Structures are given as C-alpha cells and as structure tokens.
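A single chain, nothing else alongside it, follows as structure tokens in the form predicted on its own.
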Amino acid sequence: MKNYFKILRPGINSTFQDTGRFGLQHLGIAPSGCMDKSLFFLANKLVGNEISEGALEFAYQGPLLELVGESALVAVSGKVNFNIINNNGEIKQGIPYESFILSSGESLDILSTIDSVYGYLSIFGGFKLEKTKGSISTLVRAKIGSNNGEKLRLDEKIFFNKSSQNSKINKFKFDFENDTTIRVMKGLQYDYFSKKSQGDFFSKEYEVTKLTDRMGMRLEGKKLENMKSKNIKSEGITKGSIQVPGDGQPIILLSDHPTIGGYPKIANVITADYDKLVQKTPGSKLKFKLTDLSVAESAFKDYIKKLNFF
C-alpha cells in the first residue's frame, strides 16, 4: 500500500529541508538547509526520527495535506496554528510540540505561524526523498534537491515511509526567544565604515522589511556610511554575514545565500542567535550587540547543549 499526503493547498513557501548540503560553495551551490535548526531538530525528536531526517519546512501559511494509506505519527514544531480534520469533517485544534496519530482520510491544515516565520512538519520514518549531493534540502533558486528543486504544488503527492504501529507519542516544552538583540562579531570590512556608523549600527534599531526570504533579510534604519569603498572584489561569504550595499541599509544573508559577494560586510551574526533571527517577521525591530570570539564560542556550546537536550 502506498502511503502519501495529497496536497490540497501548498502554502506560501513549503519545501523539504534537512541540515544542509555542504562543501559545494566553490561550485556556486549554497548549503541551504533548515532555517531554524532548533525547531527542525525538535520536530524529528517528537516522532522518534534521527534529528537530521528530512522534514517539511513552511513559512507563514503552511500546507493543507490529506493522508492516504496507513496511519502515521506526525508532529508540528513552531508557534503554529493548525487543525486536524477527521473523516467526518470535524475539526480539532492541533497542539505544537506534541506528536499525534493521523489516520487515512484525515487532513492536516497548517493555517499560519504566530508572530514568527518558520515551522516544521515531521513524520515517523521520514518522507520518501532522494538526496542530491548528500542532502534532501531544496534550493529553489538553483532547482536542486527534493521535489525537483521546487516548492510544494497543488495536487502533488508527498510519499512517506511505512510507519511503526508502536510509535510513541512525545511532547516537549519549547520557549520561543522573544529577545530582539542579535549578537554579532565584526565583519571583514568593519573598518570600512565611519566611527559614527559603527556606533549607530550598535545603538540604533533596525526594522525587518518585507524584502526578506530564505536568501536574505533586508533591514531599514540608520544609513551606514562607507568611508573606503562601496564595492569590494567578490569573495566567499557565509550565512549570517551582514552586507552593506551602496544605499547604506544592511542585508543579512540567510541559508540560501549566494556563495560570493562584493558588498562590504560590517558584521556576522553568531550561530547561537541565528534561529532567533530568522523567526523575526517584517516590521520587527532588531538591535545588534558586538561580541568577541570567546563569547560566541561559549554561546555556541550552550546552543549545542540545547539541541542535544531535545
């Protein structure tokens, strides 16, 4: 018997992701991967999968999926409003961070994220997905990864592996970080910017604009004055780099970032604060705090401990 979800509504930006596709930036292929690693790991832990198993990532509005085949243990992580619709059309409010059994003919309606951007859907045993260069992650701009490198589409079928009848229901408590301070280290071209702009960057608020996606987060706030050069020779860049183009408004590069760039970089978000950053919705205000390598390393150790706790 084939087990699958029929897509009755694909959602705004629904893709399959895992921890990413590494070692290919020299070929122009970004790592991609899940935006919020904490929620991604937690979704898999809730259903008893390996924490790196591919899951369905959605943004803002998620998909409406009807299960066909065997019952399955599933879970949704994130600040998410979702419903479970049974065969009689009765609607039950779903509970994030708590796995549950979905039966054939029942539907899962992921209505929206709440004051956040990303959420995850996992299923025990995993989805049937083929790896490209060691990862199932979908990089839509390059048409690489699961689902032919595309977002979910209406009436497609998402196949999943046979589920265990002895699956264990799990639930976890997860506290979303509402703090708006993002810790950063100095970027390679930090000294390109005037002392005043350096001070403004760490003292003024910046607003997340609507021009934000998996590739980058455009900010709006105090214009940063470049004293040396608004362009540099293109060089390799990483997730979390904060570029400043000619208009003086920062852009934070995210998981689907380009592999090289020619804008000066004033700072780089530390790994421990990345999950918190990507969940900030347009209109949110951010403040940046300068930190050094020792603090970043200590924060990273705490972050890894949290991930391993799930």
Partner chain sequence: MLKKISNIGDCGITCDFGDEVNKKTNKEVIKLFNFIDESVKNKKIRGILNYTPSYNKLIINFDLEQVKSKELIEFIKSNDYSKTIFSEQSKILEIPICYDEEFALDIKRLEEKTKLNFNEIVKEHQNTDFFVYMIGFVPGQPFLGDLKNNLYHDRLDTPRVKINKGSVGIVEKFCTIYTFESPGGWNIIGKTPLDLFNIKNKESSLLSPGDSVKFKSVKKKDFLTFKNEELF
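Please read all numbers here as calculations on a predicted model, not as lab measurements. Positions refer to the first chain, counted from 1.
One more form of this protein, predicted in complex with the partner chain, exists but is not displayed; see below.
Heavy atoms of no residue among Thr209, Met227 and Lys285 are located within 4.5 Å of the partner chain in the predicted bound form. The partner chain is not drawn, but in the predicted bound form it has no heavy atom within 4.5 Å of Val68. Using a 4.5 angstroms limit between non-hydrogen atoms, Pro258 touches the partner chain in the predicted bound form. Within this chain, Met185 lines the site of the partner chain in the predicted bound form, having a heavy atom no more than 4.5 Å away. Within 4.5 Å of some heavy atom of the partner chain in the predicted bound form lies at least one heavy atom of Ile144.
Note on contacts: among Leu152, Leu219, Ile84, Met215, the single residue with a heavy atom within 4.5 Å of the partner chain in the predicted bound form is Met215. Residue-level contacts in the predicted bound form: of Thr271, Ser38, Asn49, Gln61, one residue has a heavy atom within 4.5 Å of the partner chain, and it is Thr271.
Stretch 235 to 243 is the contacting one of 199 to 207, 106 to 114, 170 to 178, 235 to 243, since its residues have non-hydrogen atoms within 4.5 Å of the partner chain in the predicted bound form. Contacts of stretch 118 to 141 with the partner chain in the predicted bound form, defined by any heavy atom lying within 4.5 Å, are made by Thr132, Lys133, Arg141, listed in sequence order.
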